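As a starting point, one isolated chain is supplied in structure tokens, in the form predicted alone.
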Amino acid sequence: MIRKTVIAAFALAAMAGSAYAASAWTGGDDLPTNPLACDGTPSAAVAKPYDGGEPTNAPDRKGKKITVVDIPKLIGIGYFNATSKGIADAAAELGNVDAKTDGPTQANIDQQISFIDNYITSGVDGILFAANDPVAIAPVLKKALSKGINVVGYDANSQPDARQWFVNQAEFNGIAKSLVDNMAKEIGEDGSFAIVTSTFTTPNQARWIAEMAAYAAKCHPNMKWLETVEAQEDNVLSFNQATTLINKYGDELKGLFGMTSVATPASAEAVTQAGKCGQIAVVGLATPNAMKPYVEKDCVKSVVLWNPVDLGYAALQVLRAVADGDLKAGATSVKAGKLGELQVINGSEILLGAPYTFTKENIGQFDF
């Protein structure tokens, strides 16, 4: 996969001009990209048939109390603490769902698969997941479907037929545009940047990076992409990787992207400790609370995210609608409690909404 990604990246870079062709690009997937217009003109929605899976001989669960387990990539970090809170909020509001979060303490796909398999054996009505690897997780999710368990993903997708629905926090090309535009605003059209991501196989980060490459080539062709490094969603490793990039590229490095809620604050801390605030921009995906210290002292100007509490809340609302038979193949929207009507996109995805940019002016209004 990585070899295909690099080949695709070089082909893309070759179309983008000499500055872009000189950059090293890794970390994305090799799926087709759909970069948004440079001027922000919305793209036209394309209808697509339902491509999710179906549980086998699922019992009638309409209105009945159900047991749901949420198994994210890992537990114990701020981002998934926030999604777990949203799930708990939705369960309390619904009143007929017993929901809990469990999972590995590291972003390890083998451990995540073991957790899911154990809950299939012990018996649950529904499984929520955020995948560490879209392909590797598919067989155990299909096993859950074969046992009549409702399966809904959020944050990081699996192969579509391994789950029924996926709650997408924001469209990948929208996140890509927001990240790249914010970086270009800070470092200029000819600035050089690098990325700290989780792993090259983590589905949402790989998709964002692929869309970032396509959008940058189209709308900011003179920006130079230096390198992408993996940090496993580990705070210490993320800090060390960012520090290595700072030392490796010196004055050439003008910006760092953090692709996870761990990598972004760790990158900001690396820039702070290197005494490079104001010289190296940090733009990334992170929770507001983790970034407030860096935003308040002007070391970070742009933090892009959605509300992960709302994401978890929406995921459980969707699973309840699926279990009740209210959300079926062919639906164009779904009611999601206090979030109102959420739209169906790409056949079997539910869209939470557009990404949000947190700045010094507004970040204090949020607490998660």
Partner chain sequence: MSQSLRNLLFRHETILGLLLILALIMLAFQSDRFFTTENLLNQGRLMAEVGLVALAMTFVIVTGGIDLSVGSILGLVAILLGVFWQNIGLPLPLAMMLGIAAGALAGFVNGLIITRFGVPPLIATLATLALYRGLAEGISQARSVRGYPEWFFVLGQGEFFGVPVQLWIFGLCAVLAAIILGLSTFGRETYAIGSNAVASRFSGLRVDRALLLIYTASGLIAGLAAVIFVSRVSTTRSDMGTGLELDVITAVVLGGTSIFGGRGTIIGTLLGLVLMQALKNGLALAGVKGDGTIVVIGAVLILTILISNMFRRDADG
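None of these values were measured; they are calculated from a predicted model. Residue numbers count along the first chain shown, from 1.
Not pictured, yet referred to below: the form predicted together with its partner chain.
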{"property": "Whether 75, 117 and 147 all lie within 4.5 angstroms of its partner chain in the predicted bound form by heavy atom", "result": "yes"}
{"property": "In the predicted bound form, residue 290 touching its partner chain (heavy atom, 4.5 Å)", "result": "no"}
{"property": "Any non-hydrogen atom of residue 278 within 4.5 angstroms of its partner chain in the predicted bound form", "result": "no"}
{"property": "Residue 135 within 4.5 Å of its partner chain in the predicted bound form, heavy atoms", "result": "yes"}
{"property": "Contact of residue 273 with its partner chain in the predicted bound form (heavy atom, 4.5 Å)", "result": "no"}
{"property": "Residue stretch of 261 to 269, 117 to 125, 209 to 217, 191 to 199 approaching its partner chain in the predicted bound form, non-hydrogen atom distance within 4.5 Å", "result": "117 to 125"}
{"property": "In the predicted bound form, the residue from 226, 88, 246, 109 that sits within 4.5 Å of its partner chain by heavy atoms", "result": "109"}
